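The chain below stands alone and is given as structure tokens, in the form predicted alone.
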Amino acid sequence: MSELRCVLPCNGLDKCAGDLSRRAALELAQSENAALICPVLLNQNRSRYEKVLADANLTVIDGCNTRCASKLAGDLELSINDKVNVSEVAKALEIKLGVDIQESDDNRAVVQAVLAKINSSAADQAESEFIEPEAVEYNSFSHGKFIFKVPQNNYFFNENDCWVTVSGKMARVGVSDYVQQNLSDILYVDPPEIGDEFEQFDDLGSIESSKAVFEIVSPVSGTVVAVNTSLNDAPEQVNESPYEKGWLVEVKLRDFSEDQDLLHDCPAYFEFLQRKVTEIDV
């Protein structure tokens, strides 16, 4: 193993999803000689794990959408390097998890899929062909105590407040300033896998804060070629620089001219967002 790892599983061990989280964490710890962190002890006495948390990358294994392990890490302001949700993995496999704890081929398949997802590497990322603009200029408007920024050009938005900016056949996808302000402090970005193919308006991962989980709705169709790995250690870049350093996914476009018909350019999105903010009274 090239990097040290510590593993924080779900604490709901009386349910099937929580038990599978525990099993995956134990197997990961044994196979990689990684440090296993007890969520109960961590909550009661963080200092017990202070050294390993400082020296190793933190992997979180949530059992279900309650995300108790992720919330604990967020409450303690721990940096999450990798995260997986057992229930979401089971859903992708079309396996329905029961309530009772039991041994079954389906449950073993879920555990192995969780481990495979954790061990998948970003090393397969293609060398970026995306050419970054020299500078992004913004228009802004205020509403109450909030100031919302929108680029003046070269960005396109869907009505789910996700953006795309294009360089040749390549593009980067991210979320708007409006999204990051609503989420507040970003704790974790859960990106898609390298090589995933997707359609316009498909889910393209998620962003998690202490307040909510935001599903990234893709503004374009294409193939994932890279993810912003700098967000592993600094997810707050989405808050600080949502249109530049906080980009989420790099994609190879399939047919942008077709996708563009269903997107707002910068001036149109600026007007759309002004109406939206006024209507919901952010």
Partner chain sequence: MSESTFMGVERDRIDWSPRIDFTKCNDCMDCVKFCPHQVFDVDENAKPKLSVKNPNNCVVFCRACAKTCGPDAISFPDKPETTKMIKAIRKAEKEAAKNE
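In this text the structure is predicted, and so the values were computed from the model without any measurement. Residue numbers count along the first chain shown, from 1.
Not pictured, yet referred to below: the form predicted in complex with its partner chain.
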Next on the checklist: Tell me which stretch of 92-100, 138-146, 75-83, 197-205 has a heavy atom within 4.5 angstroms of its partner chain in the predicted bound form.
Outcome noted: 197-205
Item to check | Contact test in the predicted bound form: His264 vs its partner chain, heavy atoms, 4.5 Å | outcome: yes
Checklist entry - Contact between Glu132 and its partner chain in the predicted bound form at 4.5 Å, heavy atoms? => result no
Checklist entry - Hey, in the predicted bound form, does Glu258 get a heavy atom within 4.5 angstroms of its partner chain? => result yes
Checklist entry - So in the predicted bound form, does Cys38 come within 4.5 Å of its partner chain, heavy atom to heavy atom? => result no
Checklist outcome for this item: Students should find that, of Val213, Ala234, Leu26, Val52, the residue having a non-hydrogen atom no more than 4.5 angstroms from its partner chain in the predicted bound form is Val213
Checklist outcome for this item: From Gln181, Asn160, Ser104, Ser120: within 4.5 Å of its partner chain in the predicted bound form by heavy atoms is Asn160
Item to check | Val224, Tyr243 and Lys245 each touching its partner chain in the predicted bound form (heavy atom, 4.5 Å) | outcome: no
